[in-house]
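Here we start with a single chain on its own, the form predicted on its own, put down as structure tokens.
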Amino acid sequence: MLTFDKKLDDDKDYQKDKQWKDETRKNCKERRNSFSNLSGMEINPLYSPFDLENTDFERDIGYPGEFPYTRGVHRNLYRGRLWTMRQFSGFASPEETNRRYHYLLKNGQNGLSVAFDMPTLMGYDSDDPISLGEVGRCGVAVDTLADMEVIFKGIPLDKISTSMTINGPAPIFLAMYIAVAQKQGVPIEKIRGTLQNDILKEYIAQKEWIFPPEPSMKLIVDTIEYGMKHTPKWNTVSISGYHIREAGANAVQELAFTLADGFAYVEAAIERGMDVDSFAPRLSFFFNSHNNFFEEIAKFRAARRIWAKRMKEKYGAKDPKSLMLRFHTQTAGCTLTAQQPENNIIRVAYQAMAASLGGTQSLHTNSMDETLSLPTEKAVKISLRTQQVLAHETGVTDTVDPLAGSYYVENLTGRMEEECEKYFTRIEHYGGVIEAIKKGFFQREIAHSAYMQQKKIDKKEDIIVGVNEFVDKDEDIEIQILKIDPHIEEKKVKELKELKSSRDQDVLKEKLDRIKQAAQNDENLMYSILDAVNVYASMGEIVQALKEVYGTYREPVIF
């Protein structure tokens, strides 16, 4: 067995290593009392072969494109193809969003990512009273197939990959996208993209749920099953750690909770009767890239190894593609600061480099102004250019996993895996992910992590440039921000009411009743939803039909 280059049996070498470390700690003054990463792991002043005592090259590191995929899912990674540059975009009206998409594609973006407004994310139409004042504010307002037709006007869906960040009403938007493709004459087996559709992390962190956990899981398995049969190039679930991290989780928690959610979806699909290799290759992931450079790289490498090992050993996957953890990365929105916002360009560049060195398949770089508003075109262009400079000028794409073999990175990757396994054991003790959600386990863990992080910032144990150190007392922020025209909401509501009144009400009622019947009979709902979407049933109407069967969910109070 090929082992990592270490000589633990050579007492002279081991003693030399120990002596150096002991003398350094004793004699060298350090600027802090302790050094640790954002997950609280203590960081040594030096790493050597003796810090890889239990590392086996073939078992733990290996080669890119081969089990356990620690070094990447592709043999030649970016030497063959760069990551997809996919900016998260969408605001105001479908018309404005379509214009922004054409602008981004013209400037070199090669994938689209749809950001929806809050009413849409929560399952409400724009004309619902609860939507007042929020229509088009934090993303694009989408109510019916007519809106999706406008958003993708002039954009060939057989040539562009699209990601949609939607969860509670996700099956409805997959149906709308399929309907747009069909209207364009594009065979649905050719559409490429990703539906986030990760409801478990909503209960854990983001809080944009509609139905209780059990029927929500049923809807997700419906989309997995439908995708397996009809849309073989579409990722029907993007298991997301991003929002878990944004809620205050540290890197280990983000990794462990995200993978636990992924395993829960695998188990639910297997329970439906699907063979693991029939659906697992189309599962994808979505991670955050935060500020601690090496911690993030180790997180990405550990994620691939953990997924591959468990899919093979626990779930019996045989198709290599089922073992490959493919992921999208977004730079950390929670690290952006309103103070000295130009500093955000620098933060994002380092976070993007960590994602590329970690082997991401696609990347979104945040804009410097996103802590203040949705980004302006200028800010979006800078964030896109950040990716392009990284890809074409820095040399990080010239070789695969260039940090492999680093004593520090390999040690940190192993520690990440060990800490994740501890969390998996705790989650199993609760009875699985859904039971752990109901008992508040994830929520308490994240709240405690967020509290500890804030304490360190308040005490200046962690420095945030421009916030708790290097502050410009007389700072005058002169930065343009995107402002949404309030008349857009009025126009959107008016158009929606006109569309609703123009439909055949008998046909509409028939289609909505069929959805309720399918839900009551435990049928796959994708087919009845697609039929309703094609007669321009609104998202809110379809959600309401499902609420009548499934009810809604209220989170228990957790102390």
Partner chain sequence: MEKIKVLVAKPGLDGHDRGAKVVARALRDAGIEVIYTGLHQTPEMIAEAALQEDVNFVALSILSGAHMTIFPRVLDKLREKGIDDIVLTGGGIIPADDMKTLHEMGVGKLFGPGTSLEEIVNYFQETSKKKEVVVS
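It should be emphasised that the depicted structure is a prediction, and the values quoted were computed from it without experimental measurement. Numbering follows the first chain given and starts at 1.
Although not depicted, the form predicted together with its partner chain is the subject of the following passage.
With respect to its partner chain in the predicted complex, the three residues Asn76, Lys309 and Ser406 uniformly fall beyond 4.5 angstroms at the level of their nearest heavy atom. Checking Glu313, Glu418, Glu428, Asp458 for any heavy atom within 4.5 Å of its partner chain in the predicted complex turns up a single hit: Asp458. Only one of Ala338, Ile346, Val465, Val396 lies close to its partner chain in the predicted complex, with a heavy atom inside 4.5 Å, and it is Ala338.
In the predicted complex, Leu82 stays away from its partner chain, with no heavy atom inside 4.5 Å. At a distance threshold of 4.5 angstroms between non-hydrogen atoms, Ala260 is out of contact with its partner chain in the predicted complex. At a distance threshold of 4.5 angstroms between non-hydrogen atoms, Arg245 is in contact with its partner chain in the predicted complex. The closest heavy atom approach of Phe470 to its partner chain in the predicted complex falls outside 4.5 Å. Contact annotation: its partner chain lies within 4.5 Å of heavy atoms from the stretch 137-145 in the predicted complex, the single such stretch among 384-392, 299-307, 98-106, 137-145. In the predicted complex, Cys334 is the single residue of 317-335 with at least one heavy atom within 4.5 Å of its partner chain.
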